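Two versions of one and the same chain are coming, encoded as structure tokens; call them structure 1 and structure 2.
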Structure 1
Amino acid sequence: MLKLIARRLAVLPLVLLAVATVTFALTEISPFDPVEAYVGAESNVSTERKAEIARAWGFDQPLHERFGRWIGNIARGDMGHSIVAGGQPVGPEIVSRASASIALIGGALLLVLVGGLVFGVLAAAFRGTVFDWLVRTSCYFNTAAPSFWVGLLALYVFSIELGWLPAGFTSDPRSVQSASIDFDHLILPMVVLALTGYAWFTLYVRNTLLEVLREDHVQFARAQGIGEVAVLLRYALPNALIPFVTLTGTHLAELVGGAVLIESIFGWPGLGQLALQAALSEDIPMILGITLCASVFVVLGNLLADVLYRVMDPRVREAAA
């Protein structure tokens, strides 16, 4: 197990190197001029001044040297300077925004897992009933509905019309500790971000359970007179949970992307909003930094899922040993 973790962690720098290479290549192919973006298209900065900036950032160096230096800088944690952060380094800005995103994504993931599990199990238990039909229909609806649209409607209904929940920010901007994260501010963005994943997971748990319920060992458990609830929870569910865990790892990546939209709608000052601001002001170092951080996040999530998968399934555990 430790070997597996070590091996996968050893791959992480390689994955990041690959991502960095691809993104670097893309920035090179594109006609995008970072200096122009920095000084602004309409500014009347002199050509000499632009050349100076280019030199300061190393844009006058040959390709391979720039690439080498860039990779070296990233390896040291220096991802350049950001326009949206007012020329400050990218790394610290990402760190300062991370907590809001982690709270949002973590909360949403928790909702996805718990909601998917509970409703998936209930739908499977009451398969063929009106309840099952309602759960399934609402899930199909949710998988097809764009999250940002649902977010807008939720914002309108719950914040603007009903006034039950605040419409944005992590806490009341008038309060003294406006950097803190208040739960009532978290609810709406968290729930909306979780909806799509919840729908997928619910359908997934339900369908997997129904498949497992047809297996021999479940029939045999029933033949022994074990009750239907115990059969569902102790014979079918453990098997259905195993693929569920792997799905969690991949879903993390989806939540990271969804956070960009949800944070922008709800004015949630996390990495997603930062990424959007960076994109709108063509702040390439910041976007690259966030992309790399997201990669780390996703790879770690997949690693966690893989480890759990092995812990849970004795057959895989042995095959790996």
Structure 2
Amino acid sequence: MLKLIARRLAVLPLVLLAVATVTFALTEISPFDPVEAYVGAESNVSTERKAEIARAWGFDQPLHERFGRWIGNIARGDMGHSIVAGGQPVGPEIVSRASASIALIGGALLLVLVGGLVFGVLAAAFRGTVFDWLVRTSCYFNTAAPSFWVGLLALYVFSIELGWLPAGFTSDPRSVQSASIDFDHLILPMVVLALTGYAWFTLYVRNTLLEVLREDHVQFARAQGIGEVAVLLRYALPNALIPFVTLTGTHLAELVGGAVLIESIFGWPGLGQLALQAALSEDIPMILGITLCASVFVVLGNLLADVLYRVMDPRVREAAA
């Protein structure tokens, strides 16, 4: 287990270097001009002044030199300065927004795991019934419905029409402690974000359970007179949960990506909303910084899933040894 963790952590810098290279290359071939974004499209800044700004930022240097300088600055903890943050350093701005995103994505992941597990098990247990049909139909609808449409619909129904939940933000804007996160403000964006991944997990658990229920050891347990509920929970479910853990790690990136739209719809001041603001403002340092931080989060999440996979299945540990 320690060897696995050491190998993954040793590869992490290479993964981040690859992500940084691809992201930097995409920003270079994009049609956006960071100097124009900095001075403003409607400003009367002269061409000479724009050239001075470009030289100060190193845009007059070759591509490989600019990339090497940027990587060197990141290694020292300097991600540059952000246009969106009013010229402030990128790193502290990302740190100040991270807690809101972690609360949103973590809560949504918990709902996905619990909801997908419960409804997947019940759909497998009542296979072929009306309940099974309703679960599968809701999953198909959820897969087809765009997340922004679901978010706007939930906002209209539960906030505007019914008035049950706040429309957005982490807390009441009139509150003195505006940086705090109120649970009632978290519920609606968390549930909508969870719905973006709920269908995959539910259908996966249902289909995996149905496959495990046809295996020999389960049939042997039934032949011994063990009840169907005990067979499902004691013999089938533990085997179905093993690949379920791996699926959690692979779909973590989807939740991180889905948070961009959800945070923008509900005004949630996290990294997703910050990333959208940076993209609209052509804030290249902020875009690069958020991309690297999201990559670290996804890699560590997959590492945690692999560790849990080996803890739950001794056969994997023996094969790895």
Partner chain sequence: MSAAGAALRLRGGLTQRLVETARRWPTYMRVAAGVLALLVVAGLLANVVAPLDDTAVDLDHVLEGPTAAHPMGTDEVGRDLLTRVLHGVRISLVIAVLASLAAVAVGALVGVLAGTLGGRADAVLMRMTDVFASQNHFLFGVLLLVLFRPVLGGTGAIMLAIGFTHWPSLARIVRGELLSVRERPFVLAAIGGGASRHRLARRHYLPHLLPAVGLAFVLTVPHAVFHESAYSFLGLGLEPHQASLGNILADGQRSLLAGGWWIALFPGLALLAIAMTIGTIAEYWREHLHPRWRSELEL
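Not measured: the values here are computed from a predicted model. Under this definition, the rigid core comprises the largest set of C-alpha atoms superposing within 1.5 Å between the forms. Each residue is numbered by where it sits in the sequence of structure 1, with counting from 1.
> Does the form predicted in complex with the partner chain correspond to structure 1 or to structure 2?
Pick structure 1 here.
> On a rigid core superposition, would residue 296 pass a 2 Å threshold for CA movement between structures 1 and 2?
The answer is no, as the C-alpha of residue 296 shifts between structures 1 and 2 by less than 2 Å after core alignment.
> Would you tell me if residue 280 moves between structures 1 and 2 by 2 Å or more at its C-alpha, with the rigid core held superposed?
Stays below the 2 Å threshold, so no.
> Residue 11: CA shift of at least 2 Å between structures 1 and 2 after core fit?
No, the C-alpha moves less than 2 Å.
> Align on the rigid core first, then pass along the CA displacement of residue 26 between structures 1 and 2 in angstrom.
Core-aligned C-alpha shift comes out at 2.7 Å.
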